[in-house]
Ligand SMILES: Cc1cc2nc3c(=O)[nH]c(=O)nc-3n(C[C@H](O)[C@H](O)[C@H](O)COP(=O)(O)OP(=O)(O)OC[C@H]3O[C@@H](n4cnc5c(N)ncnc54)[C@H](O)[C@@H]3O)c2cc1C
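A single chain, nothing else alongside it, follows as structure tokens in the form predicted alone.
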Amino acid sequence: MYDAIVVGAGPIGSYTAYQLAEVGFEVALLEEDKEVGRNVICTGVIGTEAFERFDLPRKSIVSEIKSIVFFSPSLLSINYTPSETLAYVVDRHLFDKELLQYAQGKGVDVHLGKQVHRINISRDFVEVESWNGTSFETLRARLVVLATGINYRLQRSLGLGVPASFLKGAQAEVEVKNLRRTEIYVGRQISPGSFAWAVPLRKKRARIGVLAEDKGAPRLKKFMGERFAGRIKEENPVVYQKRIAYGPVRKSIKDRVLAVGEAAGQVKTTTGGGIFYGLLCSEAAVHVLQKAFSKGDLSQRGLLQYERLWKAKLGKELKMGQWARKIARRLSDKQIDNIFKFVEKRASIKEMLEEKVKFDYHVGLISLGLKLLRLGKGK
């Protein structure tokens, strides 16, 4: 009988298992893949605050983001170079492996190649049934943490919430000429209300992607063909696409079950990034679980503080991101160009933007942008 079984050994699942074991829980971690971090579709951009706050594995860092240039539809540009490094780009294979080792180092019982098929909840424990490729196995615990990412099959079977909608992220890793800093592109032809990116790595390689509400892969191929014509070495780069949760789930808990990370919709509604928000909520989950175990109350009522905590932490950010995306979707390319012109001509506005820009928190920047639009400055 374990205290907790964590389902999913991505970054959030492994880190949750690590934290639980660190405070004395007997933990099992189940992962359907035989190796973590393989074929992960992710740009791997993580803010410096996350590394400092959670002591993340620095050997996984492949490059730093120290400067960003934003391009309008007509390629007007705004440069942003803060005094300190904004974020790191990681090798997700190495990053995920290192976090799994964090968990193993604290005594977590790791089961790779185990796909969870069913979770049965009884009065005093839960049974987790998994398939190892040849037979079914069953483990028992007092509680289950779902860190299953974009796979909501178990949530549906248990009557938990799923995100109301999803975005599409598409990305390719290629060799690119003359890419010295991160580039961000906006405009209706790129992706209405969203953006595309090019993030340099090492040895002239880069991750180029687009976030979209519709099909991301066609948009990315068009973007690379138009904006990076002659700069990409590969003739037909492989494009990978994945769904990204857009908005929080309505319900992330029930008796003896708790969801964390993208499994609970804890993903930035502005950029689609989920690692930092997932880690914050993982921290909140462990805090609540310590109290719930000490009181002997793992009912939905006993876990309710977790849902209140994480929605208090992220609720405003998630709602403001959705609002900003809705407004940005209505802007024409001409309006976007005019916003770039307005900002570029006014040093005071550029200074205000630099003050408001935070890599992981966007409410301040969104509020300023909406204020400018209300005043008619962006028309």
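Computed from a predicted structure; not experimentally measured. Note that residue numbering begins at 1 and tracks the sequence as displayed.
Missing here is the form predicted in complex with the ligand; even so, the following discussion is about that form.
Check your understanding: With a 4.5 Å heavy atom cut-off, would you call Gly216 a contact of the ligand in the model of the complex?
Key -> Contact with the ligand, no.
Check your understanding: According to a 4.5 angstroms non-hydrogen atom cut-off, is Arg142 in contact with the ligand in the model of the complex?
Key -> Judged by the heavy-atom cut-off of 4.5 Å, Arg142 is well away from the ligand in the model of the complex.
Review point. Are any of the heavy atoms in Ile244 no more than 4.5 Å from a heavy atom of the ligand in the model of the complex?
Key: Looking in the model of the complex, residue contacts with the ligand include Ile244, since a heavy atom lies within 4.5 Å.
Review point. Is there any non-hydrogen atom of Gly149 lying within 4.5 Å of the ligand in the model of the complex?
Key: Gly149: contacts the ligand in the model of the complex.
Exercise for review: Kindly confirm or deny that Ile41, Val267 and Gly274 each have some heavy atom within 4.5 angstroms of the ligand in the model of the complex.
Suggested key: Yes, the whole trio is in contact, each within 4.5 Å by some heavy atom.
Review point. Out of the stretches listed (227-235, 77-85, 188-196, 166-174), which one is close to the ligand in the model of the complex, meaning heavy atoms within 4.5 Å?
Key: Checking each option against the 4.5 Å cut-off leaves 166-174.
Review point. Which one, Gln104, Gln290, Ser157, Gln115, lies within 4.5 Å of the ligand in the model of the complex by heavy atoms?
Key: That would be Gln115.
Exercise for review: At a 4.5 angstroms cut-off on non-hydrogen atoms, which residues of 1-31 are near the ligand in the model of the complex? List them in order.
Suggested key: Contacting residues: Val7, Gly8, Ala9, Gly10, Pro11, Ile12, Gly13, Leu30, Glu31.
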